[in-house]
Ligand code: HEC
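There is one chain below, alone, in structure tokens, taken in the form predicted on its own.
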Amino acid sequence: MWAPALLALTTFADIQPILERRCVNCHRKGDIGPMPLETFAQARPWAKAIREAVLSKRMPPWFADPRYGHFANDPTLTEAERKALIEWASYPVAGRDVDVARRPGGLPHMNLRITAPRPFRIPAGAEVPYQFLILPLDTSIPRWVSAIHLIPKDRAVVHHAVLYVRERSDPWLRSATPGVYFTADGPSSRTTSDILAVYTPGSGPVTLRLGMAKLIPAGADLILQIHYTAKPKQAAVDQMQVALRWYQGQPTHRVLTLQMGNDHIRIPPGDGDYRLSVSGTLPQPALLLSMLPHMHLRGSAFEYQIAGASGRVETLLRVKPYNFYWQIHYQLAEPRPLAAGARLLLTAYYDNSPNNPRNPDPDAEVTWGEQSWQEMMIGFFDVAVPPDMDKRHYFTRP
């Protein structure tokens, strides 16, 4: 019986640059991808899976509507890249491919790594309230930060994490013991402190643009807020790590992470197209850098729009479908100027019907809540402002 020769027309030397551009940001040791794809030896066992993921366009994950905006971190494959990956993955061979593998790039260099002093244990099937952890810093001088990476030990149980900067004069959570996990309910859990980074499923390191940085003032602490979601039948252990890279010199812009949300959620049972909105005007001019929508398992789409003084509404980002397991930080290819007084409009859509395969219970009325079987509506966005402007001054209207 005749069979075609399994001769790879495309070698690993041809596809490795594609993997580095489109895949290795997640698929490297210690990051969110389930397996590293930095070398031929790592990629070859996964050739069939690579081929299927590329053919189905399931990977690389990206959910922004291409009609709106251009994004620096868009990993969408070109047609030439798709063909090369499919050809190599159809007929991977050993031999010369092994010799051309490059040295793995690894994670970005960081100046400081802080690991939670002790692990946190998550019992099987448990409902775990938000955990807080104070990480003291020896910051006798202000520190500008150019990259931040929140690294869970077990990503499967981390619903989200927020890293806050608590300044020396801030009374928030002062009665809590540093280095010990604790809960904070009601008003005591809320803060207006700066956000250094947000971790969500599918997120990786945050690297800021050249000339831009976030500030940790002298005497500040870091406070982690972690939401754990237990595995149904298996206990788990997590121990979060925070990695920071210092900015060398004085930046031209300070980056602030802002957010808008709506807690008034009441999704009727079976409703397949529930809509929720929130809006606000920008008090000062700024440069818009990125957007990160956050909902839970019933989220189906999310829009960021802006209305100028003339009333014209422009869509900045439309995420559809929204995927709870890949909550991507959409980084604009070029910063977008935002005028003072411009109105930012955020709209979230939810599918509480039986047609949503991730829906925990289509017969339930869904309200706001911290657990993934409840719902949230938050739109995070990063803006760049003058380096001497903090969040309080940004929200002081002229």
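Bear in mind that the values here come from a model prediction, so they are computed numbers and not experimental data. Sequential numbering from 1, following the sequence displayed.
The protein also exists as the form predicted together with the ligand; that form is not presented, and the subsequent description refers to it.
> Of P354, G341, G33, P360, which residue is found within 4.5 angstroms of the ligand in the predicted complex when only non-hydrogen atoms are counted?
By the 4.5 Å heavy-atom cutoff, the listed residue in contact is G33.
> Can you work out which of A41, A364, A49, L55 has a heavy atom no more than 4.5 Å from the ligand in the predicted complex?
Checked against the cut-off, the match is A49.
> Has each of L317, R336 and V383 got a heavy atom lying within 4.5 angstroms of the ligand in the predicted complex?
Checked in the predicted complex: no contact with the ligand for any of the three.
> Given that the ligand is not shown alongside this chain, does H329 nevertheless sit within 4.5 Å of it in the predicted complex, heavy atom to heavy atom?
Outside the cut-off, so no.
> Check G369 for me: does it contact the ligand in the predicted complex (non-hydrogen atoms, 4.5 angstroms)?
Looking in the predicted complex, residue contacts with the ligand do not include G369, since no heavy atom lies within 4.5 Å.
> Might M376 be said to contact the ligand in the predicted complex, defining contact as any heavy atom within 4.5 Å?
Looking in the predicted complex, residue contacts with the ligand do not include M376, since no heavy atom lies within 4.5 Å.
> At 4.5 Å between heavy atoms, is L77 in contact with the ligand in the predicted complex?
Because a heavy atom of L77 falls inside 4.5 Å of the ligand in the predicted complex, the answer is yes.
> Using a 4.5 Å cut-off on heavy atoms, which residues of 54-85 contact the ligand in the predicted complex?
Contacting residues: V54, R58, M59, P60, P61, L77, L85.
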